[in-house]
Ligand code: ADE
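The chain below stands alone and is given in structure tokens; this is the form predicted alone.
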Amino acid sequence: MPPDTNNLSKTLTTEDDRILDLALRPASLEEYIGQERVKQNLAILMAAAQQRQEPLEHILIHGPSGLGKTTLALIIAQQMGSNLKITSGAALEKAGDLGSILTGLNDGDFLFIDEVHRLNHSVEEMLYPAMENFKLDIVIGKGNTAKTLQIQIPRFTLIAATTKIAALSNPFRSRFGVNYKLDFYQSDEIEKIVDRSAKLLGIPAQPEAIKTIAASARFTPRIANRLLKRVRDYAQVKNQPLDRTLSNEALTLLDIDQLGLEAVDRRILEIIIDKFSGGPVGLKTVAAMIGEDEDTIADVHEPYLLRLGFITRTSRGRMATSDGAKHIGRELKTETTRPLF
């Protein structure tokens, strides 16, 4: 079954795409575009640790998907000259899974856990002594005969990434020495990323084509690179230069408009405006009418619509704004104002 090209923000990449994504990843903080404050703090953190010849403190990176959390982890390990072991919270189902990984590390190595909020509670608790004292507490036996055995493990640095920092427990969050939040990128930063990726892929893209692709990338590098590759495919098949006209044609074929809204995004606006006169309407109702999961709407589609100012969240539900209505060719009978926050 072919991938759902109408929802590039959550479509799984092909193996070729994964290989290309690795090739497009920056190898140093200097090559990493955007997130300037995070980069400055990381540079100081790494330089100080290298001067003291100590491992880095444990690092927590959070923010929406596709902003470069994994890339930052790879850069940190590379610039510190250490190995990086990558896993995910969902993959660590049992305490033994974590134990086998930690005992296989060397001093100074990094462990990167993506989507760390999905860790099993027993695995999370096993991480506490490992992060603080570099020891594993292993329980042998059950009941009155149970004994606790402590095993010394290498001095490692945990880099944890999450899209839902609120889902982490306070005891877990407090064990990280530093906490970095990645924000959505600015338009000029996305343009630089698309331009860099086009050069790395050997795509002769005109500046207006770069701007067009960047404008539809939802302020997210991962989506920007994915769109670039799909537009490249279109240009290759059409045997035409990659200019603004061809970029617009390719994006229209993917059902993505000039602001990066996909079919589901526009459908959300249409339901709120056409069926509920601009709202308010509950998330469950919107999800049921669209046929999408509530979490998908809340985590994938709503953040971008909120950032554009096309919808607002209120205590009574979701409401569309006049800007959102105008974008899809509608007009609200009453003005919906944005909440102050």
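All figures in this text were calculated on a predicted structure; none of them were measured in a lab. Don't overthink the numbering: it's just position in the shown sequence, from 1.
Separately, the form predicted together with the named molecule exists; it is not shown, and the next lines address it.
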Even though the named molecule is not shown here, does L24 get within 4.5 Å of it in the predicted complex, heavy atoms only?
yes
Wondering, does I193 line up within 4.5 Å of the named molecule in the predicted complex on heavy atoms?
yes
F276: touches the named molecule in the predicted complex, heavy atom cutoff 4.5 angstroms
no
Answer with yes or no whether V300 is in contact with the named molecule in the predicted complex, where contact means some heavy atom within 4.5 Å.
no
Would you mind picking out the stretch of 31-39, 55-63, 307-315, 288-296 that comes within 4.5 angstroms of the named molecule in the predicted complex, counting non-hydrogen atoms?
31-39
Can you work out which of S247, T162, N225, S216 has a heavy atom no more than 4.5 Å from the named molecule in the predicted complex?
N225
For the stretch 55-82, I need every residue with any heavy atom inside 4.5 Å of the named molecule in the predicted complex, listed N to C.
none
